[in-house]
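The chain that follows stands alone, in the form predicted on its own, written as structure tokens.
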Amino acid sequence: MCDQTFLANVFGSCDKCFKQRALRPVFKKSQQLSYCSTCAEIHQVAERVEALGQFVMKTRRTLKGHGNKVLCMDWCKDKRRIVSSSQDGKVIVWDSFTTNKEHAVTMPCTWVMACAYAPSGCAIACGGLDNKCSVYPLTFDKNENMAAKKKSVAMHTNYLSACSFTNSDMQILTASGDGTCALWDVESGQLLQSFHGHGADVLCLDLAPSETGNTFVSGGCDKKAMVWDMRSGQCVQAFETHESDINSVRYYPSGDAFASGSDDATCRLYDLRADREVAIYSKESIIFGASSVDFSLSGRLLFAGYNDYTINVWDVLKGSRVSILFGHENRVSTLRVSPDGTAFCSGSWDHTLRVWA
């Protein structure tokens, strides 16, 4: 979180739990109180932070070409190319500027539920109901048979739900319906570390943003979000405040917190240093599940795609909704902010992807 917002300035008795702790000022109906980090809600700490002004985001590009539900997408580090996967069994690499398709791969199964771009931009990974994670190298030759160069890297005992390269092309993290996550060596296909602790299908994962980050967060059907140490394979923190499946998790840009989106129609923010939930993003009028979440580059906005075909934009500090985006004609299944923060892309069951800015 923003360090200025959470500056601890005094040590004393908390006005809520009365324990002796480092305190920070919070405001309730303009009255200043001193709460410890265990009692302070983020919107109370941010009461006097200036509200966001009006802003307009529109669909700037629509990517059409999938024959069925779009299930996953990822940006290339070049901030231009996008990889997407679909229930039609196809994985497509797009140029988001021109909307041209640069590569297409037909997988041996439908429901390709996971795809990821390698950090170098020279390979993609994907998988789904085949229980595998396959890596395809990308070349400039558009006519090359990519399927011939396919490398099967990971093998689970149930469907692959998510995958992500680590900070190099040589290792890949996977999550699966078998209740585990795993770290694999891309070259040899060797299992480097497995992560056991979820009590049901793991649906999502996200790697910590720092270059030396050795942790990742996962969420699943057991309503738990778990933070893992990649070196030891141990769960180092766990959060269980959602009331239904966690469909998406995403680290805050600083790496000190993460957001989750759930079928309980809420998004939540967890502060890793305070080891607790610090905000809930919900409204009584929102009754459909959140399928995908991501932060703006500054961390002030949280974009969330929902099953009611909309994208809600939340003010992370204030906890209020600042915008609602319409355009998709079926549920929004995936959403990612571009690496430079100038746009975000959403994928939907309406068979299309949209680039918003």
Partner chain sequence: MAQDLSEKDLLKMEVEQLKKEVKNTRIPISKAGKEIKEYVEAQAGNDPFLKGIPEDKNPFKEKGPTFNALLLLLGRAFWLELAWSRTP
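If you're wondering where the values come from, they're calculated on a predicted model, not measured in any experiment. Positions refer to the first chain, counted from 1.
Keep in mind the form predicted in complex with the partner chain is missing from the figure; the text below concerns it.
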property	result
4.5 Å heavy atom contact with the partner chain in the predicted complex for all of Asp178, Val236 and Glu240	yes
Listed residue that, although the partner chain is not shown, lies within 4.5 Å of it in the predicted complex (heavy atoms), from Cys36, Leu301, Ala304, Val26	Leu301
Which of 156 to 164, 133 to 141, 105 to 113, 184 to 192 lines the interface with the partner chain in the predicted complex (heavy atom within 4.5 Å)	156 to 164
The partner chain contact in the predicted complex: Ser13, any heavy atom under 4.5 Å	no
Contact test in the predicted complex: Asp275 vs the partner chain, heavy atoms, 4.5 Å	yes
4.5 Å heavy atom contact, Ala200 to the partner chain in the predicted complex	yes
4.5 Å heavy atom contact, Pro253 to the partner chain in the predicted complex	yes
Pairwise C-alpha change, Ser296 versus Ser37, in the predicted complex against this form - closer or farther, 3 angstroms or more	farther
Shift in CA distance, Asn312 and Glu41, in the predicted complex relative to the form shown here, given it is 3 Å or more	farther
